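So this first bit is one chain, no partners, the form predicted on its own, shown in structure tokens.
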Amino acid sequence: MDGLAVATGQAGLPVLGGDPCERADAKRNREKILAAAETLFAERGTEAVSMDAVAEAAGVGKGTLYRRFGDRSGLARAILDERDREFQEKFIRGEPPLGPGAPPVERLVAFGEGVIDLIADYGDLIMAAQLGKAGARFAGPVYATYRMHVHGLLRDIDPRIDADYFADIVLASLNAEMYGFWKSDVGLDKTRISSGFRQLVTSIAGTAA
């Protein structure tokens, strides 16, 4: 996510990548920190885990932890990086309907369902990763990649669709905080949320008809 190297994938989409110049000792520390943090987050919940606890569990100095990740949001983003890379690989070069080869409406629905799966599995981490100054997540490479992908699919569906506007509307519906509200406060399960997303996509697709 923020601060990572970004390569170029299919159709010009930026793809998350690691730092090829990372020193071996720095890499080992990074792996220890991420493993410790993921375990603690899973056991206690992200809100209950301090940076000091992560440093102690990883066996590294607090200065090393803060220099590398900044804060708990940066740490959560780093844990999510691998999941994001795997998902991006699937929608850029994977099998249809998520990957190339399916009609754009079906690809967009499959993309939304994939994001919903990520939120269902890693919602707490995603929420923690999104903390920070207002609008920070919109400036990161993950949002940029998702937006470019959705924008392109909307244009493929129908060039008359205002993709500049609707790309962000689509992504706003694929938000961890919104998902949590639907689940906890409204009582929607994952199946209904996915069904609602399909209805949203087909409705947008019909606006230019």
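Values in this document were obtained by computation on a predicted structure and should not be read as measured data. Start at 1 with the first residue shown and count on from there.
What follows is about the form predicted in complex with the DNA, which we do not show.
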property: Options 71 to 79, 122 to 130, 84 to 92, 102 to 110; stretch whose heavy atom lies within 4.5 Å of the DNA in the predicted bound form; result: 71 to 79
property: is_contact(residue 182, the DNA) in the predicted bound form, heavy atom dist at most 4.5 Å; result: no
property: Heavy atom of residue 52 within 4.5 Å of the DNA in the predicted bound form; result: yes
property: Touches the DNA in the predicted bound form: residue 173 (any heavy atom, 4.5 Å); result: no
property: Any non-hydrogen atom of residue 39 within 4.5 angstroms of the DNA in the predicted bound form; result: no
property: Residues in 60 to 87 close to the DNA in the predicted bound form, defined by a heavy atom within 4.5 Å, in order; result: 60, 61, 62, 63, 64, 66, 67, 68, 70, 71, 72
